[in-house]
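First, one chain by itself: the form predicted on its own, in structure tokens.
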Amino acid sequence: MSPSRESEHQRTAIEPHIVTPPPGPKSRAYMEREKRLFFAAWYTDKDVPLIMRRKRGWLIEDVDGNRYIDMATGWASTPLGAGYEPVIERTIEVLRESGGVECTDYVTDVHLFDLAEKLVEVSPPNLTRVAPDTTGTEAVEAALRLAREKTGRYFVITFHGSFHGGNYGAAGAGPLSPDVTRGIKEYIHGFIHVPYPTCYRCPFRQTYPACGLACLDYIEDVVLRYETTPDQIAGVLYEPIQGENGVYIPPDGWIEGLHEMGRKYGWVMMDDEVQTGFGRTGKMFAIEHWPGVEVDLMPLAKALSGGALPIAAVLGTDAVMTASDEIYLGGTFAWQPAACAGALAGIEAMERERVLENVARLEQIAQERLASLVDRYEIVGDVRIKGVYIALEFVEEKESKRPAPTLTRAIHRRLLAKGLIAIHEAGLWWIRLLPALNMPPDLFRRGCDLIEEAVAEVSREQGRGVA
């Protein structure tokens, strides 16, 4: 193959390509098998009606041969694209070397130490110790236990619209929506839920900065006056940027004010970076966007894996992590040797390849190509971007901000038909984009083009305004 043809072949290989509109016949056959094999909630209202065959780099291929730009990246768990060789090769090497599975809190493997030391090195300087775990949900639950163990207190403040996991404790902590806490809320206690600064949809019907951060004042003016005293609160669990709720970025002063309150009352501050950690927002950790703020505990997962094997952790201060030597965390599969090796390889690759610089380039493209959609389309209510943590929110009309879930799902399905997989869940009115941190800028720009095409087509079909 000549150099010019080889270059053209490489370019074409990373383009989306639709052979048959999804779901194709093979995907439909698998989806019928799904209904016979899995529990009902697994397949009901499935928003990605296709079955994946393989995944490589920045693309997903389904069983019908369709190829899609991957803007979901395993819910932010393949930060360097799928099949990133340095991570995969190192993981396989240590998987063979270690012989597979070991319960490392009983027989501790050498690879745990290198990863733990690297995490302490790259994290905020006051976080000096590590609690190994397997998933983000478990890491959050570990942080909750550590905070209560340290303080001997019962209540934890959490925020409306947050998502911290799917198990009883973590789901009870994060009231994202009633379906998430269905069958949980009535059994799980000890959480006080308060408003998050969702400025586009302020629960107090105010506008920043004139609001004076009323959502922050609510904690002292309402919770501490009517619900409990500060000395009954163990700590505060929060997302530095809310993800599942539509990438809500706190306004200036909110994070700082929250931590000031925490220091005042001796609360353990828990910064849930399961989805924002390891470069997603343009910093290694999202909390670094607020210099000077010190957290006590930081749950990590998803991108920590480097895209290989499940792994999670809680980073914490000496004071919190050494408050008790009797608490049990982790489990059989926590910090498998191969998972530790893959995670370390992923962090080293981010540093070696200057991945955060690419995130900055992608963020600039998103600002240029997506933020402007608000001015051009009646149904685009808001676009929120921090690094490559991105959400587009759709409305019936701008003035009322009335949510448009039907339009949103139509846009999502149109994107699939064009060859792009984003994140959308049934009944919601926003679409999220979580591209790989090292996605080529040209491919990301192509994805942005497809998004505008889908928005424009659905707008015209529905008779909505297009500038």
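So that there is no doubt, residue numbering starts at 1 and follows the sequence shown. Quick caveat, the model's predicted, so the values are computed rather than measured.
The same protein has a further form, the form predicted in complex with a small molecule, not shown here; the description that follows concerns it.
- Annotated contact segment (heavy atom within 4.5 Å of the small molecule in the predicted complex): 134-142, selected among 213-221, 278-286, 251-259, 134-142.
- The partner is absent here, but in the predicted complex a heavy atom of 163, alone among 394, 267, 335, 163, sits within 4.5 Å of the small molecule.
- This chain appears without its partner; in the predicted complex, the one residue of 200, 75, 154, 113 with a heavy atom within 4.5 Å of the small molecule is 75.
- Though the partner is left out of this view, residue 302 does reach within 4.5 Å of the small molecule in the predicted complex, counting heavy atoms only.
- Taking non-hydrogen atoms only, residue 146 never approaches the small molecule to within 4.5 angstroms in the predicted complex.
- In the predicted complex, at least one heavy atom of residue 244 sits within 4.5 Å of a heavy atom of the small molecule.
- Heavy atoms of residue 296 never reach within 4.5 Å of the small molecule in the predicted complex, leaving it off the interface.
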